[in-house]
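As a starting point, one isolated chain is supplied in structure tokens, in the form predicted alone.
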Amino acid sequence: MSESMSGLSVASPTERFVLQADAMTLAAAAQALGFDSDVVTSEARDNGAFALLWLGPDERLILAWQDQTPQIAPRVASALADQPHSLVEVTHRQVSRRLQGQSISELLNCGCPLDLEPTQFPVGRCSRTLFNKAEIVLWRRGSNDFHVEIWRSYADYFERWLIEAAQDLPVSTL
């Protein structure tokens, strides 16, 4: 369903991990994945191979893009071998959706309580939030470009809700 809709598509990460650790350990993990330093509060970084999203002071979501999938666990595990941490694969728990186009912020605000105005939620910002009753991770990749991580069991609900909400907007976004 979603692949045929204009504005909503299946995003490409193929493996996801949630990493929990202290600040020094998180910084070591970021470096192991090719980042200069760890992400700052409520931001995401993307180096083309991996994306690193801030979910909390001691929690990061790591996404692998296409051909980098088998590299996350070994890289992080070897870099953090002697440091206390929790690295949990959540690949099968959630799916990714990409929303692009005019009025996407307004459409998302039909179900999301965050202020998605660019001054309040700029490019690079990410947050764990709600979309109606479903927990999502929302990442603004561009001015009219959002990446959404959602639990697999809520994906259909999310997509159907967006389709319904789009009908009420002056400019159809989906």
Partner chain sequence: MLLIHCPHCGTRPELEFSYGGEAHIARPADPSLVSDEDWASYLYLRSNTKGVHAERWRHVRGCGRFFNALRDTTNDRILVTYKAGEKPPGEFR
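As the structure is a prediction and not an experimental result, all values here were calculated from the model. Numbering follows the first chain given and starts at 1.
Just so you know, the form predicted together with its partner chain exists too; it's not on screen, but the next bit is about it.
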Open item on the list: So if I measure heavy atom distances to its partner chain in the predicted bound form, which of the stretches 112-120, 24-32, 142-150, 45-53 falls within 4.5 Å?
Closed with: 112-120
Open item on the list: So in the predicted bound form, is its partner chain close enough to residue 38 to count as touching (4.5 Å, heavy atoms)?
Closed with: no
Open item on the list: How about residue 67 - does it come within 4.5 Å of its partner chain in the predicted bound form, if we only consider non-hydrogen atoms?
Closed with: no
Task: 4.5 angstroms heavy atom contact with its partner chain in the predicted bound form for residue 106 - done: no
TODO: Flag residue 20 as yes or no: does it have a non-hydrogen atom within 4.5 angstroms of any non-hydrogen atom of its partner chain in the predicted bound form?
DONE: yes
Task: Stretch 132-161 - residues with a heavy atom within 4.5 Å of its partner chain in the predicted bound form - done: 135
